[in-house]
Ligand code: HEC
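Okay, so here's just one chain, in structure tokens, the form predicted alone.
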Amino acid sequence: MKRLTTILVALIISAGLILTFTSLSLAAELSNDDCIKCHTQPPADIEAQGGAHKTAVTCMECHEGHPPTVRENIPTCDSCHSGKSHYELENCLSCHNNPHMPLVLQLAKDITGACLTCHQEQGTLLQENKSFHTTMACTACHQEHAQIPLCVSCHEPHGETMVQADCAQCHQAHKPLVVVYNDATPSEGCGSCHDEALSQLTASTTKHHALSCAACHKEKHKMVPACQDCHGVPHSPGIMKKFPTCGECHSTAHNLNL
């Protein structure tokens, strides 16, 4: 009986060693093809909008190992992303809530600091050119990442015929009060705010009638040219001395006192 027991123990030990050896010898490294057998949604997300997570890395390069052998196989973002101030922000998943679609962001309505770690130029423009826009959070306007909102979604157009495309001819969103324009800017756009001046100019029978607002008020809003810029000194020194300001006789350039 003792001998039989010894033989049985030997056989059990031998079988265990064989099974262990067989399991180790048959073990193989996991591949992406193995992952998608169970994990269907992440590969679909990566395929749709994975960005560099689709082209630069594989599943196993991020998820090293698999439970139960490796229990903590969800990497932190900073294990790959470093070297920029944006990567030093805490709680990455508050915006990048799906790492398999890293550029599809879910943004709260009061975010500014995090945005400016990438979009520094826009932040500088807002601070150097104070306006109501300066007081607003970035995500108050940009409610989706990379989304540029329509001006007319918040602002009433200056005139009835004005459309979104007209706004950018004069305004930049990050410095909206710095109004610039080119010579082709239609006078109707100016007249939507400066209606009295345009009405006078339209009714005028002088050569000024044929000119656009931008032809005289060049390039920068509120730029008022001197009459001498175009007309030189049209009167004798005596008259110019007595009436040094053209407007004393001619009123404004829009009606010339007619």
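Please read these numbers as outputs of a predicted model, since none were measured by experiment. The first residue of the sequence shown is number 1, and the count goes up from there.
Missing here is the form predicted together with heme C (HEC); even so, the following discussion is about that form.
Participant: With the partner left out here, check for me: in the model of the complex, does some heavy atom of residue 160 sit within 4.5 Å of heme C (HEC)?
Facilitator: No.
Participant: With a cut-off of 4.5 Å between heavy atoms, is residue 90 one of the residues that contacts heme C (HEC) in the model of the complex?
Facilitator: Residue 90: yes, in contact with heme C (HEC) in the model of the complex.
Participant: Is residue 234 part of the interface with heme C (HEC) in the model of the complex - any heavy atom within 4.5 Å?
Facilitator: Within the cut-off, so yes.
Participant: In the model of the complex, does residue 184 have a heavy atom within 4.5 Å of heme C (HEC)?
Facilitator: Looking in the model of the complex, residue contacts with heme C (HEC) do not include residue 184, since no heavy atom lies within 4.5 Å.
Participant: Along 224-251, which positions have a non-hydrogen atom within 4.5 Å of heme C (HEC) in the model of the complex?
Facilitator: Heavy-atom contacts within 4.5 Å come from 224, 225, 226, 227, 228, 230, 231, 232, 233, 234, 235, 239, 240, 243, 245, 246, 249, 250.
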